[in-house]
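Given as structure tokens, the chain that follows is alone and in the form predicted alone.
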Amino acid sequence: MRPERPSFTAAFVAACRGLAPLLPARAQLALDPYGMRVLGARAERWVTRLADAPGPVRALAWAPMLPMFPWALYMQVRTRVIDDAVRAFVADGGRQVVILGAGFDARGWRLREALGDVIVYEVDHPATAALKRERFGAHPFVRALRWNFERDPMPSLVDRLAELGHDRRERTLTLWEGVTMYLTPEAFSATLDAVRAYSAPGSELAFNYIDRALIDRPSVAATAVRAVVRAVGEPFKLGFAPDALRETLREHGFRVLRDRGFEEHARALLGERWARVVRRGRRIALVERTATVVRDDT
């Protein structure tokens, strides 16, 4: 991303989440009242008013922004799956959540009932973090670490989190949503090592990624998306075949608990009809930090 401004893609993701009240009831999987706040009061009021309108009026509202409809569905699936990982971790006794590249993630606010007094550590670029603080306000259980992923050395993340109260001896759930595709392979590996360093055994990492085939053989839609994000300074760089990712994770001391395509999640959450609209070639993995690292040095 460009250093002087908040992330464009983070704002786009927030807006897509914020459109949930305009979706059919079955597709409203993760309502985010903070999503439209990123775009300003006018956008927030617009969605609030339309959400209270009759169904046909809401349907008509999609006409001028029809290309956004698949993205709004996609973000509902992605958000809900990762929300469920957060709820399960906390229900199992987890007390620390770290969000890497937090963007305009509102989980510290949205999931407060489930989180209780769990501390959420948000790590993100200073410009994005500053706008988020302006639009969302402070939160007693959300601690922000302003971090430049392109300049700050990843090994220092352990100490920086500790300064905010993070305890590396306790299990941590790390969320890494909407980030990996913008990284180099070196940055991906360095981040895995940093996550492992601040995470006790049994900690979990949830992240989404794109299948390598989407980079090597992109569809027309995928090509258009890549052109847009490249134009705003946030180009796609990295994708994985699932088997190759599993091996990479193993070498960095993680084992895969689940790794499923969006179409599978969408069928379970939305049903076959709506699942056909969700973007393909994207996956969500939930992995666990193991006690040992297995490196293949041959």
Ligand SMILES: C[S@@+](CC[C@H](N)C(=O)[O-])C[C@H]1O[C@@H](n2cnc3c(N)ncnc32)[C@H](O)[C@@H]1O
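The first residue of the shown sequence is 1; numbering continues from there. None of these values were measured; they are calculated from a predicted model.
Just so it is clear, the following notes concern the form predicted in complex with this ligand, a form of the same protein that is not shown.
Trainee: Which among 159-167, 96-104, 197-205, 135-143 is in contact with this ligand in the predicted bound form, heavy atoms within 4.5 angstroms?
Mentor: Stretch 96-104 is the one.
Trainee: May I ask you to choose, among D117, E150, D216, E186, the residue with a heavy atom within 4.5 Å of this ligand in the predicted bound form?
Mentor: Here the answer is residue option E150.
Trainee: Taking this ligand in the predicted bound form as the reference, which of Y121, F89, Y182, Y209 has a non-hydrogen atom within 4.5 Å?
Mentor: Partner contact (heavy atom, 4.5 Å) among the options: Y182.
Trainee: Looking in the predicted bound form, is this ligand within 4.5 Å of a heavy atom from each of S7, R78 and E177?
Mentor: Every residue of the spot touches this ligand in the predicted bound form.
Trainee: According to a 4.5 angstroms non-hydrogen atom cut-off, is H125 in contact with this ligand in the predicted bound form?
Mentor: Yes, H125 sits close enough to this ligand in the predicted bound form that at least one of its heavy atoms falls within 4.5 Å.
Trainee: Closest heavy atom of V13 to this ligand in the predicted bound form, within 4.5 Å or not?
Mentor: So V13 counts as contacting this ligand.
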